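Okay, so here's just one chain, in structure tokens, the form predicted on its own.
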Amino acid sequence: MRRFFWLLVALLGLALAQKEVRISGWGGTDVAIVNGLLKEVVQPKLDKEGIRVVYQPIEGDYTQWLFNALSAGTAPDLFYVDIFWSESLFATGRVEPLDAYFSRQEVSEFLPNLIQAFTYKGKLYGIPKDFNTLALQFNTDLFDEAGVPYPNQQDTWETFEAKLRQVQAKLKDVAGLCLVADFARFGAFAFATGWKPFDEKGHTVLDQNFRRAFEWYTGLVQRGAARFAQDLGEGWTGGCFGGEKAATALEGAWIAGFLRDKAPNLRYRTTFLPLDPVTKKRGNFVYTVSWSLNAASKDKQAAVKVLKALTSPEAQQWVLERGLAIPSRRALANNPYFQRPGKEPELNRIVFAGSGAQGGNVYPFKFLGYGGDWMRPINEALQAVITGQKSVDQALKDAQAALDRLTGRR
């Protein structure tokens, strides 16, 4: 009886000593990924620290859930933050700055543009867990059938468009590219010209550089190089590509999983986005998500240990080897995975390189605190011109007026 008593005391003491850290992200395919990562890599490390990680995936509107949970004081210790709405969240003061928890050396091990993407008013609010950029995928069978050379990284907008026109002319039921009225794709070409979304006063000016990219992009349909995605019954370029309705797509590494499921036998390759023929530069977006710390967490030191384990070299290697995401650590740029033959390693290699010098003018996919409100006037202008409802002059005039009202320019 006495022996049982002391065993009970020991077990109780162990339970009391164990710290619990709650983490959350969105559900869907991420659930299996995070659970596997926790089981195989993260939790074994934290067992030695007496920390237990409890993962709560969120289905539905994750953004709304997180803002509500932070306001109500029920949010977890660590959570995903998408770069798109990061600044409006950081501005609430409910996210803990991480500068005191990470040394300069630790921070420098991540890609600098990703660190900058989660830096707000001089403070670091998130450690990037992974990222994506845009790349150009092309169907090798369709290009071979049309007898057209493959797109390559030396292509300019002009040579790329010429290839698209040839494919579309020879394969009547295939578009060169299916075009979407979305700044999330078009913006990369505007950046290539040297145009920036905001000036030093925080205003948006749709200048001549923007107009040049806008005219080229929206004119692709009229010039016989592309078809509007909606006319093909699709909402994104990946859908057109997977269904072989278009010979090319402008997507990130996320397209790999879609094609693996929907078109496993499709033969494709990947290259960089084409160059602006004037500046000889290309442009791109960085789409990224961080792990961030709740400012109201009751044990921030334990939560930071979990954060470091979730973004450790071992964790990112585990994710990379499964072809799930692009790592945010600089040291993994030369990882052997990227050198493997095959369409998916090539896709991931190009997407990784797209965030650096080869990507050209690269901007994070965020627009101060405006989010989707900022993109809406540009998306409406794109759609109006592509569908022939407005001239370029009128569409840009209307978009500029809407952006002026939003940013307080006039």
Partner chain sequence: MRLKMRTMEGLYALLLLLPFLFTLGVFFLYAFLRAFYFSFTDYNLFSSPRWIGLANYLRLFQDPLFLTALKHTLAYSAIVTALQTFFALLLAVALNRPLRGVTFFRTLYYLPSVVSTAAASLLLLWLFQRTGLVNQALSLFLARLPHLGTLLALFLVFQGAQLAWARHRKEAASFWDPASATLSFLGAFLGVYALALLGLVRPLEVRVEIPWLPTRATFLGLPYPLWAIILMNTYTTIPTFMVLFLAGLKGIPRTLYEAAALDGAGPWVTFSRITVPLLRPVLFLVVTMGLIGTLQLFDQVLFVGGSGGAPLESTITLAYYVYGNVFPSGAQPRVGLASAAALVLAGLTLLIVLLQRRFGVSERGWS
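It should be emphasised that the depicted structure is a prediction, and the values quoted were computed from it without experimental measurement. Residue numbers count along the first chain shown, from 1.
As for the form predicted together with its partner chain, it is not shown, yet the points below apply to it.
**Student:** Going by heavy atoms within 4.5 Å, which of 47-55, 375-383, 27-35, 347-355 lines up against its partner chain in the predicted bound form?
**Tutor:** Careful reading of the contacts points to 375-383.
**Student:** With its partner chain left out of view, choose which of Q222, S71, Q154, N265 has a non-hydrogen atom within 4.5 angstroms of it in the predicted bound form.
**Tutor:** After the contact test, the surviving option is S71.
**Student:** Among F258, W85, Y150, Y337, which has at least one heavy atom within 4.5 Å of its partner chain in the predicted bound form?
**Tutor:** After the contact test, the surviving option is W85.
**Student:** Report whether the minimum heavy atom distance between G122 and its partner chain in the predicted bound form is within 4.5 Å.
**Tutor:** Taking the distances in the predicted bound form, the answer for G122 is no, it never comes within 4.5 Å of its partner chain.
**Student:** Can you work out whether Y370 and its partner chain are in contact in the predicted bound form, taking contact to mean some heavy atom pair no more than 4.5 Å apart?
**Tutor:** Yes.
**Student:** Taking heavy atoms only, is R94 within 4.5 angstroms of its partner chain in the predicted bound form?
**Tutor:** R94 belongs to the contact set for its partner chain.
**Student:** I'd like to know whether W254 contacts its partner chain in the predicted bound form, with contact meaning heavy atoms within 4.5 angstroms.
**Tutor:** W254: no contact with its partner chain in the predicted bound form.
**Student:** Which residues, if any, of 230-263 lie within 4.5 Å of its partner chain in the predicted bound form when only heavy atoms count?
**Tutor:** Read in sequence order, the residues that approach its partner chain (within 4.5 Å, in the predicted bound form) are Q230, D231, G233.
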